[in-house]
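Just one chain is shown here, as structure tokens, and it is the form predicted alone.
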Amino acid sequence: MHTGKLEIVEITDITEECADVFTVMYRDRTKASPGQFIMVWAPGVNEVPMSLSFIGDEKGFTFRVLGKTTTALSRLGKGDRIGVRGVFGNSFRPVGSRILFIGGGTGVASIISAADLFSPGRRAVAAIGAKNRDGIFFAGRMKQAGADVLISTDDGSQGEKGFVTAVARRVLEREDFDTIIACGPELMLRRVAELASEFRTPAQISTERFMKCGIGICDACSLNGALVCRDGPVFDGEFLLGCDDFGRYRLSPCGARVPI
């Protein structure tokens, strides 16, 4: 449901998933699909976009503490109130019987509900990457969904040492998939799109841009003319490879085109 109306909701739970990564839960019967996002207002601070990591009647969003708004959200507790707008954007689609999930950093939060919904009854592999073991979360939930989980960390403190895209490459070399579903840092996602093209596997990639309105008015989230909030956040890999800015430039809060 696309609406700009702000709804005040009560936090039903807040959990620290790993170091500086929190999940906030709240009740909302608005229908949502995997990959969609909401705008979250922290009272007295600001409004920020958040991907939904839980999409049932009790919804949740998962975030890393990076600035004033996320710091304020992390300090709230059960019974506190926040504002939410949405649900916004398009969603991931279940395609075929073999799905490779690729998540980097907090990007795992954007694909976990797709893993929950699409993995049962299908061949599912999830490659999860983080800088170190303290940044790994939702691996257990991926396994519960039925996915084979492969973990990598930049420093080798858990799983394989190296980038998650190296793990994904080896998976694609030994096994065919009908689709790739991915989210993470944009440099990682460009590499995922390149891998998908190389192995001729369609990819659904959730992108992130600076968002002010969430409803396609402000143009702050423009990606080569496409609006991430209205036309995305999920784009096909081939489309993204045709975007000059993808993995290279983004718009700053003041609208300047800056390197990623």
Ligand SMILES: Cc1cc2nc3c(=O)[nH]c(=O)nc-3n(C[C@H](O)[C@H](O)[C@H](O)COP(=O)(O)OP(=O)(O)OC[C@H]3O[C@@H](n4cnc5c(N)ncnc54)[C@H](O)[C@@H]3O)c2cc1C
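Position 1 is the first residue in the sequence shown; the rest follow in order. Small disclaimer: the values here were computed from a predicted structure and weren't measured.
This next part talks about the form predicted together with this ligand, which is not shown.
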Between this ligand and 113, 117 and 142, in the predicted complex, does every residue show a non-hydrogen atom at 4.5 Å or closer? no
Is there any non-hydrogen atom of residue 67 lying within 4.5 Å of this ligand in the predicted complex? yes
How about residue 47 - does it come within 4.5 Å of this ligand in the predicted complex, if we only consider non-hydrogen atoms? yes
Taking this ligand as it sits in the predicted complex, is residue 191 near enough to touch it, meaning that at least one heavy atom pair lies within 4.5 angstroms? no
4.5 Å heavy atom contact, residue 204 and this ligand in the predicted complex: no
Report the stretch among 121-129, 157-165, 101-109, 172-180 that approaches this ligand in the predicted complex to within 4.5 Å, counting heavy atoms only. 101-109
Tell me, which of 26, 54, 235, 63 has a heavy atom within 4.5 angstroms of this ligand in the predicted complex? 63
Checked 191-222 against this ligand in the predicted complex; residues with a heavy atom within 4.5 Å, sequence order, are 207, 208, 209, 210, 211
